[in-house]
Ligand SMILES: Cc1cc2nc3c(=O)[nH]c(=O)nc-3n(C[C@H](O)[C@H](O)[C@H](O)COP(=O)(O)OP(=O)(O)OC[C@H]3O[C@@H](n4cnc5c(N)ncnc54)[C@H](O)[C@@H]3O)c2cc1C
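As structure tokens, one chain now follows by itself in the form predicted alone.
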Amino acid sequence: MAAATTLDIPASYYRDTVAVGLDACPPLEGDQRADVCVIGGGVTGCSAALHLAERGYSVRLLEAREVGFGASGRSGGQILPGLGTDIATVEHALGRERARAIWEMSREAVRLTAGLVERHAIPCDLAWGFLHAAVKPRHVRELQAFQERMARDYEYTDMAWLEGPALRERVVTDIYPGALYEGEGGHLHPLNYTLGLARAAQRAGVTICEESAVQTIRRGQPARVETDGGSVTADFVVVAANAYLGGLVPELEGRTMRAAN
């Protein structure tokens, strides 16, 4: 989250059940120096800051509002391998070999999430198991074909078809004719997870500045990242934002799309 926004912080169950506290994150003041300046206090920014700090880099993280303000703190919280499009679409565009590599990378991301939760003792209600529910016969055929395809072409067998009593053990309703249960999928409290990453980053030495909307990135070697209250001169800049960039990085305009409400 880089550019200033007039959006109010929305009320939510997640915000009302915060279980992670951060050290003070005062707005950026004055001119500071760091190896890396990270823009955005969501999952991507906090994770990047944490991993960089653990590798010995000095890091300043600038957040326009507060950590987890955007989608990272108010998403559905699902953890799933795969992409936002069907793997067949990826395979058609890139070929089987690259599609398999992308699929395995997505599984690695799920394992990374689980590892971070455990290593940093993040109280985010992590639970495993996900149902891809069918609501009509066509969905049944599609999900069963997907299960077969993944086992045959991607050697991914952590899915089981459920219906009848077996499905009712997972979800108490008869509305679904069947569902594909995925053991590698899961759910967590997204705001607590994001705050947990931020807390771990602070413990690793990252300085987090909330209410520090970036107004300008002056590119160069080093670069200079400027807010209304100060600046960070850094060898590297990580732009970890999307919907709230507000034209900060012009070449990214038209390449991001906000999720519909």
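We number the residues from 1 along the sequence you see. Everything numeric here is computed off the predicted structure, so don't read it as measured data.
What comes next is about the form predicted in complex with the named molecule, which does not appear here.
The chain is drawn here without the named molecule; in the predicted bound form, the stretch among 229-237, 36-44, 23-31, 51-59 whose residues come within 4.5 Å of it by any heavy atom is 36-44. Within 4.5 Å of any heavy atom of the named molecule in the predicted bound form lies no heavy atom of Pro81.
Among residues of the shown chain, Ala71 is one whose heavy atoms approach the named molecule to within 4.5 Å in the predicted bound form. Residue contact with the named molecule in the predicted bound form: Ala204 places no heavy atom within 4.5 Å of it.
Among heavy atoms of Ala200, none comes within 4.5 Å of the named molecule in the predicted bound form. Listed residues Ser106, Thr89, Gln144, Ser75 were compared with the named molecule in the predicted bound form; Ser75 is the one with a heavy atom within 4.5 Å. In sequence order, Ala240, Ala241, Asn242, Tyr244, Leu248 are the residues of 232-256 having a heavy atom within 4.5 Å of the named molecule in the predicted bound form; the partner itself is omitted from this view.
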